[in-house]
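Shown next as structure tokens: one chain only, the form predicted on its own.
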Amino acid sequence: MNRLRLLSVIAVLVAVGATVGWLSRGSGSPSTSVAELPRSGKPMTLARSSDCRPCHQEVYDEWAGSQHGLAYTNPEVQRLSKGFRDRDCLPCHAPRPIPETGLGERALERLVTLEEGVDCFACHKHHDTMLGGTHIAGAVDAPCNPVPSAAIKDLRTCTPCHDQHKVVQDWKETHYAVPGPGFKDCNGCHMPEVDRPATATLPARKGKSHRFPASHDLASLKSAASMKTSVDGRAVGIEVRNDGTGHNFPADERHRAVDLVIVAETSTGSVVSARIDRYRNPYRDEFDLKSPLRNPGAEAEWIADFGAAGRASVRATRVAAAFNPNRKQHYAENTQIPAGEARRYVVVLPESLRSVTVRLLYKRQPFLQDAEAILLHESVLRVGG
């Protein structure tokens, strides 16, 4: 009996190890290990991202204005981290080089040049070399000792920080993670291909943008999800679909929120509003928040309060994704919309409301007022015939 138990434990450990290995690599990603990363053996004297600027001016400028470059100095981040007195934020906002601490391993904070945020070294530095694409193979005399490496495209360079709340795990359950013509990983959207002109040290080539467009890029936000509306008497139909991302909407950070709001004019001319739903992964201490739509196909009803104008009944449905419809739910309170899924609503408005405007509002932190949010979509409707 003991032997059988031991064999069972070994089998479980092997299975878990295989699963963890697959998750750490990422479907379609190179499987480079830290031990396989190339090194030059020559001393490298670069100390700051600005040292990269003479040879990589265009890339440097993109990075300096990106949220990687502003990861430490951004006032929003400073406020939410209490000036980084919350030191748990430092490993991802001022990380040591990921290729050195280990691809896919926990990020560690550095102690110098914090103001540079996620600097050039965070993704590219491996001891005495800087890792890059194939075009740098001939730059043997460059001061950064550049070497081509598949590790620079490995998603495990991203996961130490960007999989904190399972965004990469969510991507792995979408059709974008399936190898083939439709494959698209983090780099496909957040590092789009650009043409790099020839410089004194490098030929003209294809490169990757280092702007990292995401939640601070209006075009990226507007393309993340669609909204459709209809009206039938006093019933307003709304569909919000995550049809523009390869992960949950909104993604990753717990301090992002998207609100579905109806603003209405009453028969007396006053303006009232009510939040119909919120898409968000709440903070860990918000124990009272639970998702009413835990599984695809689930339905729920609640009331939207328009104050003195009355209350509206809301019937909501969680519409499954066409690909892999039974997605994992990592957090019970999570109301984000997984990729490919939709939320459908029928909102029956009180008699006093006439013209209504349906808005989808993006908030970079959940305590912002609607006036401070970013408008993603808007639809003006006339109700009541």
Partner chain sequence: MKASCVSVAKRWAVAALLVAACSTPPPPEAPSPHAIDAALLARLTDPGVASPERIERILAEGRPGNVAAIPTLRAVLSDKSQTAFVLVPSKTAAWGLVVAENPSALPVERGPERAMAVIALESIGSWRALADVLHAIDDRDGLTAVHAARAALRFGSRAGIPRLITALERKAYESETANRMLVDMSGVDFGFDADIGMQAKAEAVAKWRAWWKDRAKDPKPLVGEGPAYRMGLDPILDERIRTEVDIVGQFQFLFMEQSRRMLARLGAAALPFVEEGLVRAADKPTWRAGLAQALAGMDLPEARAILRRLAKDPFPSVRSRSVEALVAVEGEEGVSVFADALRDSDPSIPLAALRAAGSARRNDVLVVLEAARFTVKELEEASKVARFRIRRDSRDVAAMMEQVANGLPGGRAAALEALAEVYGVVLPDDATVDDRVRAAFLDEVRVRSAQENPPPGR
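Positions refer to the first chain, counted from 1. Quick caveat, the model's predicted, so the values are computed rather than measured.
There is another form of the same protein, the form predicted together with the partner chain; it is not shown, and what comes next is about it.
K.L.:
For the chain seen here without its partner, which of 179-187, 268-276, 223-231, 283-291 has a heavy atom within 4.5 Å of the partner chain in the predicted bound form?
P.N.:
Single hit among the candidates: 283-291.
K.L.:
Test of understanding: in the predicted bound form, would Pro160 fall inside 4.5 Å of the partner chain by heavy atoms?
P.N.:
Looking in the predicted bound form, residue contacts with the partner chain include Pro160, since a heavy atom lies within 4.5 Å.
K.L.:
Under a 4.5 Å heavy atom criterion, is His210 part of the interface with the partner chain in the predicted bound form?
P.N.:
Looking in the predicted bound form, residue contacts with the partner chain do not include His210, since no heavy atom lies within 4.5 Å.
K.L.:
Check Asp128 for me: does it contact the partner chain in the predicted bound form (non-hydrogen atoms, 4.5 angstroms)?
P.N.:
Result no; Asp128 lies far from the partner chain in the predicted bound form.
K.L.:
Is Tyr331 close enough to touch the partner chain in the predicted bound form, meaning at least one heavy atom pair within 4.5 Å?
P.N.:
Yes, Tyr331 lies within 4.5 Å of the partner chain in the predicted bound form.
K.L.:
Out of Gln78, Thr199, Thr134, Asn295, which one falls within 4.5 Å of the partner chain in the predicted bound form, going by heavy atoms?
P.N.:
None of the others qualify; the residue that does is Gln78.
K.L.:
Can you work out which of Arg315, Arg205, Arg311, Lys82 has a heavy atom no more than 4.5 Å from the partner chain in the predicted bound form?
P.N.:
Among Arg315, Arg205, Arg311, Lys82, a heavy atom within 4.5 Å of the partner chain in the predicted bound form occurs only for Lys82.
K.L.:
Taking the partner chain as it sits in the predicted bound form, which residues of 215-244 have a non-hydrogen atom within 4.5 Å of it? Please list them.
P.N.:
Nothing in the stretch sits within 4.5 Å of the partner.
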